[in-house]
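Listed next as structure tokens is one chain, alone, in the form predicted on its own.
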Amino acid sequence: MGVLSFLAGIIASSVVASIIAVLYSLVLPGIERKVQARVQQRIGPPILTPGWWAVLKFRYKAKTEPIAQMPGFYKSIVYLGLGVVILLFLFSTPYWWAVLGWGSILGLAGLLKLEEVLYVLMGSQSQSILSTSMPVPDLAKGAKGEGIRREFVEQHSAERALKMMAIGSIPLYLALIVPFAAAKSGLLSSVVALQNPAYSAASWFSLPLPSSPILFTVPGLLAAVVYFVGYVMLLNEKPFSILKAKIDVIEGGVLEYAADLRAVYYIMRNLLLFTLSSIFVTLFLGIPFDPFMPLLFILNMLLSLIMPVALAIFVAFSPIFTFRQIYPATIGLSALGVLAMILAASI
């Protein structure tokens, strides 16, 4: 009976949490764009347009068949990505903390790294420009011979995604470790218990607040800065938007996703925007997204606005970095993350 009740609880919590997260995440890009526009002294789009209406618009557009090395696999990548981000979010919610240790630093970091790999696969699979093949030979003197295909822009994006996966995202993973180092445990439950001891004994309609948030410590503050910049990197936003810089790779590996495939990609990206923000609130403030504690998950959602708003302000003033600027930025942030880890472990 205990196993059945646990399974019922985890299924119910997963369904409720996923629905709330997806619906809420479709509002966040509109808030982000509106804040960014105000900073740049523009009006900006209606709040529901970049998220809700963009998804609905692409959902009902005429379908296209992208040209790829493995078309079925190429189209399935966005669905796989959506599934990965949903699991990433669910692993940060309390009901999953007891499942095979997935609610841990290993579970979160593993899924984040898998999400990064998907961009490499997207770029390396695409073999078309806007669903049109490019078998046109370059007959200019000294160029490649006839019959050899030109290189596609998505392949440039795949190479850049590989570099970002190997180097650019290191700061976020270092920052992710800091709360676990402070708790002397690899489990999310221990991190939350350290900051919010009242949560374990709270009822469904109570609002247990943290007594000692990691964010308000020196290592927590340093790690928060590093986490935010890593957050920008994982979302491929300026100044780290080299994967999809419109001046040369034109949206990168996601260029060929149109109609319902692009709608799924938008849901995946927007959900990642919220998931990384919600994980930050859970790890650094000790306020988890508990789908069966309304006041607590609403507070988590409200505090999760901090990251998208900060992102909007940051992007409004940012250029686009090349790897010549990304590498030293990554090294500096990684050093700051290591310092935060050492301080957290010594507390």
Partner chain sequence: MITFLRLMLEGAYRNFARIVNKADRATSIEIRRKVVTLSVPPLDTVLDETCIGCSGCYNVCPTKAITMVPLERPVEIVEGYMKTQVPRIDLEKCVYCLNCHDICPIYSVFGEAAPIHGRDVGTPHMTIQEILKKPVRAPPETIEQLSKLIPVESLALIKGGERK
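Positions refer to the first chain, counted from 1. Because the structure is predicted, anything quoted here is derived from the model rather than measured.
What comes next is about the form predicted in complex with the partner chain, which is not displayed.
Under a 4.5 angstroms non-hydrogen atom cutoff, the partner chain in the predicted complex lacks Met301 among its neighbouring residues. Within this chain, Ile279 is remote from the site of the partner chain in the predicted complex, having no heavy atom within 4.5 Å. In the predicted complex, none of the heavy atoms of Met293 sits within 4.5 Å of a heavy atom of the partner chain. The partner chain is not drawn, but in the predicted complex it has no heavy atom within 4.5 Å of Leu285. The candidate site formed by Val16, Ile20 and Leu271 is entirely out of contact with the partner chain in the predicted complex, as no residue has a non-hydrogen atom within 4.5 angstroms of it. With contact defined as any non-hydrogen atom lying within 4.5 angstroms of the partner chain in the predicted complex, the contacting residues in 15-54 are Val35, Arg38, Val39, Gln41, Arg42, Ile43, given in sequence order.
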